[in-house]
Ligand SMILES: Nc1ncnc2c1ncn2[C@@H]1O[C@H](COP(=O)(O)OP(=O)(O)OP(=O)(O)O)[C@@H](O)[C@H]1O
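A single chain comes next, written as structure tokens; it is the form predicted alone.
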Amino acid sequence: MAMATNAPAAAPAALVRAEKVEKWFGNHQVLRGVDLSVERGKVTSIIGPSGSGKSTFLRCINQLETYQAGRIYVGDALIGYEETRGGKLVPLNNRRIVAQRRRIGMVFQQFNLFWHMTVLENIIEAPVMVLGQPRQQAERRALELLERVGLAEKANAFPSKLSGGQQQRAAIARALAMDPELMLFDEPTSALDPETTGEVLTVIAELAKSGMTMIIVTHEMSFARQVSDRVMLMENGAVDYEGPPEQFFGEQPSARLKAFLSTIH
């Protein structure tokens, strides 16, 4: 007969790990030893004042910016670098960086759609040109995604004919078309009016419910509280506070967190 054991269950593996990440622009240090761990299927929201390094950190994860110290992993892959036996980090070539980016979807403050293409053409561009998918297959997937984000009737519309919220939802569908393991959102509603902000947040909330791993930079505090498994406050390029939303937004936040929250309520 097998004997019962009291061994603890293994901790869930993190899809994203950032360890002591540092970033400079010239002599200005933007990131000061940032640590982050996001389990697969979980959502982390990052809040903080403008200029605190939030967007730069996301861009480092997606290798739109290089970091000068520390390490970032997505799955088992060290992002942007190869480590030698002696522990030295050697930058990856562009081909390998592009391959790493295929695992990561990113939605920006601005929508970055191609204005001369229809919504459908915007969404199938990368799957066809980068992944080599047959056009018919890419179109079927694009139409499924447009249905998912509530834009099925806009497949043949040009971006100029869409509202800001519709454009951002199209941008989300475009990112999802690459079937990423991780989604990054950099202030996805900052360019929207209050009416269309809700449309975009609803789509992101549905992604969270579906188990998509996400890191969201946002100023929408009620939304962060609703969808996040963890919330992190960044200031001056460093993590000031981090915890589950019920603790993060609890009745006794840290003095600095309370001061920050008071500026946006």
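Here the structure is a predicted model, which is why all the values come from computation and not from measurement. Numbering starts at 1 and follows the sequence shown.
Only in words, not in the display: the form predicted together with the named molecule, which the text now covers.
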Which of 30, 69, 212, 221 has a heavy atom within 4.5 Å of the named molecule in the predicted bound form? 30
Which residue among 196, 202, 37, 55 has a heavy atom within 4.5 angstroms of the named molecule in the predicted bound form? 55
If contact means any heavy atom within 4.5 Å, which of 37-45, 55-63, 203-211, 222-230 contacts the named molecule in the predicted bound form? 55-63
Would you classify residue 187 as touching the named molecule in the predicted bound form, given a 4.5 Å non-hydrogen atom cut-off? yes
Contact set, 144-182 vs the named molecule in the predicted bound form - heavy atom within 4.5 angstroms: none
